[in-house]
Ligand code: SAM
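The chain below stands alone and is given in structure tokens; this is the form predicted on its own.
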């Protein structure tokens, strides 16, 4: 694939971002309160407002930001947490990103690409644990071309095991040209996710010395091309620790604004993983802009307030204690029961660490995570109904803004949760989960929906599956 950046320009205004972070560094408490209220009224913030929130140091004002982020998430998404798992298909890579365990110069990385049979076995292992949603991850290498990605996605969709199957596959892979995206879209993917890693161009160029990924503008334009190919469900992200986290949050906001202004709809999800140690990668041991736990909490809350209708993904890179603290600040999706070594779900071996891109902080089994979520009052959800009903991109926003997400996604979450409890959970989780379902049913105010949901739950008990609104 030939990379052509003719006519491309960056929409990340470095100087403006730095100026805003400076000029808004001492915003008065009254302005912070007004900004939070604007977000609670479900309006996206502008860059100056986000810069003001990012500069807050006063503990009381930080608490207001945290409370606002929590309230906003409850208003829009309710108390659902969507669950997924990453599935690494191959770790061959021709880039030499200095922070990545998969980089081409890393001699300690054990390279492997799943065969067809291995991919089937990985999928069966994930399904057997109760998973319904995956993000499939690929290194950047000519062998992982659009046709290869499409074929592997098709294999996952075709793999049925006992009572389950994977109902939605999202993608994390290298940017493509428009025709490549069309090929991948043809097999029914969900979100196409590209992390810019860092939005600071000079830092980006320094950390990506060789390979196709060294082209900042090609990567930045990657999701524009996906949109032009008809993929309207997009995920953006930045790897926190490569540059000033405040700048990265501003970059994510400008990326969201660019997509809104250009295509009429922003990203479906935003990710903000912190850099973690990787085998054979000294850079990761001492990242130049390490983000503290306290700053991490603030950046998550500020992103939540800045883009009210965008899902926020908290990954298992983070340790359990941090995940528990950050979860109430606006998170809508997490991965759980995750393994990031190529082939690890079906067969973890002595080479697993060498086949992993980085080290995970939360390695709990899926059932343990679900039990803890239910105990804390969150509804674990495996829902995929919006994708399959065509509610993506602009159509999703048409439903989301009036409150559709909370009104219909809560019942859908309960249905997928009940299905998990019947088919996969431990007795401990089943008891805790049923208690939560009964409680959520009791507080449904829509009597028609309550009757319909009760009927569908009874059908699940009788053996029907994949029921949704």
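Residue numbers count along the first chain shown, from 1. Predicted model only: the values in this text are computed from it and were never measured.
Omitted here: the form predicted together with the ligand. The next part is about that form.
Remark: of stretches 355 to 363, 79 to 87, 245 to 253, 341 to 349, the one touching the ligand in the predicted complex is 355 to 363 (heavy atom within 4.5 Å). Distance criterion of 4.5 Å from any heavy atom to the ligand in the predicted complex singles out 219 from the list 185, 219, 133, 258.
Taking a 4.5 Å heavy atom cutoff to the ligand in the predicted complex, the contact residue among 233, 224, 367, 140 is 140. At the 4.5 Å threshold, heavy atoms of residue 195 reach the ligand in the predicted complex. The ligand in the predicted complex is not approached by residue 297, whose heavy atoms all lie more than 4.5 angstroms from it. Among residues of the shown chain, residue 168 is not one whose heavy atoms approach the ligand to within 4.5 Å in the predicted complex. Heavy atoms of residue 291 never reach within 4.5 Å of the ligand in the predicted complex, leaving it off the interface. Of all the residues from 233 to 250, the single one having a non-hydrogen atom no more than 4.5 Å from the ligand in the predicted complex is 239.
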